[in-house]
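Starting off, we have a lone chain in the form predicted on its own, written out as structure tokens.
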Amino acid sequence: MKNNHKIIAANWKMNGSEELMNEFSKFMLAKHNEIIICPPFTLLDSAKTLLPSFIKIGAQNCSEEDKGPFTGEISASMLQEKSVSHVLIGHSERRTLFKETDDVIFKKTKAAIKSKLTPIVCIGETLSEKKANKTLQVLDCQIDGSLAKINPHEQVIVAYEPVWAIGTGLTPDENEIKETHLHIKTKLGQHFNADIPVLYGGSANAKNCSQIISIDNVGGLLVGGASLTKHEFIAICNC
């Protein structure tokens, strides 16, 4: 993205509480970035009630099914009823811990769009894939498998999260991020008519956010652990 408008999304993962949500109710923002907070399902009602209106609410996952005998699952249409506007799909933890394939991620993305949610589809390579110089090949496969069949007129968001950088404090260097984001944007341009924002995720924090977000084709950030501290997340949103 070439303008100053950025998307800053917070993934709280299996963290957070009513107390933390109440703390974020006093959230202040100086710059006009788009802010999305994705709390656990149990805090969606609190998010709707307590968060300032300029913060959009996202979920961390949805089912590929709309309804039926799927104990423990939550559909995209149910999330829409909770005033959720975005949903994370295909996060690396879902891919590795819950064995989600690109086909499953495609079905979830399609379900989210059907319910008028904006999917934030996560892609990224593992450390072994990076060492084998397969990063771009892996990203192409993930995009082809999870997004290529989506209607080219739809608006989605893609989050590039190198798996080896998530929660480790490690980040790719500036040239790596620049090269990878350009490749992803070019690849998405083959499938979509609209300009698809590509966020960077993986140990993004208040210290490195300004540098990362200024790199060409980085449309914003997907923030994990650093989003759980209000003052740090505000600093990231204003970077």
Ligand code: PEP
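Everything quoted here is computed from the prediction, not taken from an experiment. Position 1 is the first residue in the sequence shown; the rest follow in order.
The same protein has a further form, the form predicted in complex with the named molecule, not shown here; the description that follows concerns it.
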Worksheet item: Is residue 224 one of the residues lying within 4.5 Å of the named molecule in the model of the complex, judged by heavy atom distances?
Response: yes
Fill in: Partner proximity in the model of the complex: residue 201 to the named molecule, non-hydrogen atom cutoff 4.5 Å
yes
Worksheet item: Looking in the model of the complex, any heavy atom of residue 167 within 4.5 Å of the named molecule?
Response: yes
Item to complete: Give a yes/no on whether residue 230 approaches the named molecule to within 4.5 Å in the model of the complex, heavy atoms considered.
Response: no
Fill in: Listed range touching the named molecule, judged in the model of the complex by heavy atoms within 4.5 Å, from 159 to 167, 75 to 83, 142 to 150, 126 to 134
159 to 167
Response to the item:
Within 118 to 140, the residues having any heavy atom within 4.5 Å of the named molecule in the model of the complex are none
